[in-house]
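Taking the form predicted on its own, here's one chain by itself in structure tokens.
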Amino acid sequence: MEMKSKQLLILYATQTGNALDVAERVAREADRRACRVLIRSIDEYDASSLPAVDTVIFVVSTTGQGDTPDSMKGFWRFLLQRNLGNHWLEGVHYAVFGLGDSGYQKYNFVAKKLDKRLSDLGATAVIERGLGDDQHPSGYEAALDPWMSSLWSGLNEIKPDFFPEGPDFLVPIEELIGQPKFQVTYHNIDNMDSQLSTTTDFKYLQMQIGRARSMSSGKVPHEKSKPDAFLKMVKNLPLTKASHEKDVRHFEFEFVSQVIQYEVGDILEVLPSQNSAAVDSFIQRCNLDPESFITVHPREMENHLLDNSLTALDVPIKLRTFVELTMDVASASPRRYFFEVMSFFATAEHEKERLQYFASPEGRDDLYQYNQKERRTVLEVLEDFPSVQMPFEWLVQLVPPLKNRAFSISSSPLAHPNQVHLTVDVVSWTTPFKRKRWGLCSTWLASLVPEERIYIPVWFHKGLLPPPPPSLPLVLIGPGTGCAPFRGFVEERAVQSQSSTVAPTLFFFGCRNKHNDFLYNDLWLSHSQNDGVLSEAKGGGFYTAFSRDQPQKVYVQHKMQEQSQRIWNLLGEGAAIYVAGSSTKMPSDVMVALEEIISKESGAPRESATRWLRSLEKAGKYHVEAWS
């Protein structure tokens, strides 16, 4: 027992990187207290070893509609085994910090159910679970700071030997900065690219992207570095009126590399292109040589000697290409640790003081206002603190990784062979200080001209909306761009109906105005008439809610109430419910409407209706895909 009490285990489950960021922060704060730490991604840890651990800290995010991150699924399945018993973790101490968004119905669901399961298995909580909320004015850090303070106090009470120097001992931050996690090696090469000159353009681009992203600090285990395919845009059509406040586009793409077989309901991930001038400005600001050839490795691999048997991904790459393909320099905001490390490299005293204040608990709210609320970019932050010259290794570690953007595919491969369609809201907003901001990927896609033949790197994934068999009746609810996957569903059923019978489909669509943002108006109306798949003659229906076209706001849930009996009848025939769109209130409002419909039409109490919907979810007949 003495041996295991000397090290604090931190396990994290992350989907976007926030949980990793928090876990590393907890680990650094433990280091400052002379507490030895082991930090691991949860999928790299053998769950059966938990009973042998003295104290474990879990940092877990909640994704989608209360889902565990991909890296946690195996671990969670193990914990749910019935044979573990309620004494399995007796003697193990734990703490849980969750990351979520209270705009979602199942806010921080993963942290809550993990906390309960650990307790049920006999483990003892050191402190109450902490729940970070993206909706809080200071983000998840508003809950993290007080939770960490309680954590150290609670740990010191039960395990003072974690802190050999005493509870009040703190190593100065400067002494802990140490070395960055990544090592950059520079190579003397005349022209690395000449060896690839015989390959086709997209093959060369695929190799470049694979090389760069395999070396990136944002590389996620099990994630493919190389794109699945390349697309070229063939159509870029506005779906909203020019006078409307939103700009929603319909994009059509064709495969220029191998054709990937996808299904309706699948997700397309796009690697956006960064602004070339911004990349150049970043390189110039950091005094980097864009033409130099580099390889990047985690520092624990620094003894790995480069030799003649390099793999394709070990091949050096131009520094500018690496920055352009892996480091988000002009879109994402840096994290708090970026400011902490910057303070170490600031030579101007007033800059150092301001950066140290930003990195402190006292400066948390001011940092949130300066950084996250204003969506300050890495380039802007570096320009605001001109005395800071950070080594490239630190920049590789701390600049947010350039992430793929995920979109619901809005086409059916049966209706559009060799093509992929997207329905994209071109994101723009104004910050509290009246600075105009644009979404990186949507703005880039909207700027593309089909004739330019730009190769777009993409990855295909399964989403949360499984493709329904033709015999399954459907109730679809997709307001706004939530209609995107259902465009594919309806087109697929239209093709299938030409050769066989398809089950009825009810579709509820909503937007603000009939004349401004009624997306795919003609398509839905054509399928709802002349025996189309949405026509009443085929047992279907198409219903619209235009929220701003009358004094009283009307939403999809109101239209569902109007069609209460039709929905109930279709559910009686075994229908599945699919919901897609904004994550704010819509999914929960739709759930409440369905509970009321089931209760009203069946005559059963509301609690029974709630249980009935839960059983529908467990049976795989209630699917939600929502985004913020």
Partner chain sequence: MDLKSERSTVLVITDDASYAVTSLNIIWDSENEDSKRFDPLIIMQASSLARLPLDSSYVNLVIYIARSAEFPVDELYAEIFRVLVPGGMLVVYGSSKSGTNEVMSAIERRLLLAGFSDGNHFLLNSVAQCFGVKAKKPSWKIGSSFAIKKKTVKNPLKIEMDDDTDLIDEDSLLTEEDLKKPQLPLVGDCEVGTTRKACKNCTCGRAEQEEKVQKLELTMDQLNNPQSACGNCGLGDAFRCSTCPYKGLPPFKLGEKVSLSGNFLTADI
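Note that the coordinates shown come from a computational prediction; the quantities given were computed from them, not determined experimentally. Residue numbers count along the first chain shown, from 1.
Not pictured, yet referred to below: the form predicted together with its partner chain.
*Asks:* Which of 181 to 189, 450 to 458, 538 to 546, 104 to 112 has heavy atoms within 4.5 Å of its partner chain in the predicted bound form?
*Replies:* Looking at the other structure, the answer is 104 to 112.
*Asks:* Is S602 close to its partner chain in the predicted bound form, meaning a heavy atom pair under 4.5 Å apart or at it?
*Replies:* S602: contacts its partner chain in the predicted bound form.
*Asks:* Applying a 4.5 Å heavy atom distance criterion, does S331 contact its partner chain in the predicted bound form?
*Replies:* Flag for S331 set to yes.
*Asks:* Heavy atom to heavy atom, is P467 within 4.5 Å of its partner chain in the predicted bound form?
*Replies:* P467: contacts its partner chain in the predicted bound form.
*Asks:* Looking at the partner-bound form in the predicted bound form, is K553 within 4.5 Å of its partner chain by any heavy atom?
*Replies:* Judged by the heavy-atom cut-off of 4.5 Å, K553 is well away from its partner chain in the predicted bound form.
*Asks:* Does each of R32, I267 and F345 have at least one heavy atom within 4.5 Å of its partner chain in the predicted bound form?
*Replies:* Verified in the predicted bound form; spot residues all out of contact, no.
*Asks:* Quick check on this chain: which one of S500, Q258, N418, N287 has a heavy atom within 4.5 Å of its partner chain in the predicted bound form?
*Replies:* It is Q258 that has a heavy atom within 4.5 Å of the partner.
*Asks:* If the cut-off is 4.5 angstroms on heavy atoms, which of these, S526, S225, T124, S149, is the one near its partner chain in the predicted bound form?
*Replies:* Flagged contact: S225.
*Asks:* If you look in the predicted bound form, which residues in 131 to 162 sit within 4.5 Å of its partner chain (heavy atoms)?
*Replies:* D133, Q135, H136, P137, in sequence order.
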